[in-house]
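Encoded as structure tokens, the following chain is the form predicted alone, with no partner shown.
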């Protein structure tokens, strides 16, 4: 669902910004610190209820202000759906959809799927398994409507089991009572993740072939325990170790998406530029899979030229354009945005200067 209008108030250096974006391509140019990335941050906040730049909400609420607000009108078929989020300094979150309070930010995520490609996307390769699990779970959330309830139930069962384990000595029959629910829901989570990764892999391989034809990279889903064992067997085998450690040592909470080349981990064997291509391929493939299922999403591409030469920038833009999705791209200067978009593509150019946004023509930007 593309954004038809975006209003941002009191977020970083954006006191009051309104954006009437193209449903296709939007290019925002500005110097470092001008506020262009904050536009993408606001859209991300509206989708997921959190920033991609900081886990601390006080850092993005404008200095000496008590709250920040992001409001948008989202295209939903032939109507516009008003959605908004407010974050206050005391940590409160208020989400509204069509003027009514939403039960959680999950409702926003369902209506406004957002895919982010930015310099920090390298964390997908160099970060902990948790980062890659979040990547997979975002995809499964939009791929399998039953996943979120199974995931929540499994998380609750896991926390209860770990709470018991932290108490020290515990009777085996008491722990077994919690294990039953943990295993039932854990198996559902695992099967959903496996099915999603199996569907994602051919898309990833095809996209990477277009971006970097000579690059050989494979995805391997690790479920979090020995593939030769069932989850009940793995939990039983790890029983004494769990007692000793005080937490559950095996299961879906240890899952990972491993990215490999013929000579080892992608992080160790690929250049920085190649890593960005791999991460971009993962994100675009995830978007393709969502679009195949009849969903629309918004791509946020921050600092496109970073780590990519002109040839690969052009290939990346061609792939993004082919998705027929709404795209927001930021860049320090127009010279690096030399891609020739199709005449049928609605491309709007914006200039950001010290928190002030203005729409410009391409010709004015290049002059």
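Computed from a predicted model, the values in this text were never measured in an experiment. Positions refer to the first chain, counted from 1.
This next part talks about the form predicted in complex with a small molecule, which is not shown.
This chain is drawn without the small molecule; in the predicted complex, the residue among 61, 308, 300, 317 with a heavy atom within 4.5 Å of it is 61.
Of the stretches 52 to 60, 308 to 316, 321 to 329, 66 to 74, only 52 to 60 has residues with a heavy atom within 4.5 Å of the small molecule in the predicted complex. Looking at residue 13, you'd find a heavy atom of it within 4.5 angstroms of the small molecule in the predicted complex. Of the heavy atoms in residue 33, some are within 4.5 Å of the small molecule in the predicted complex.
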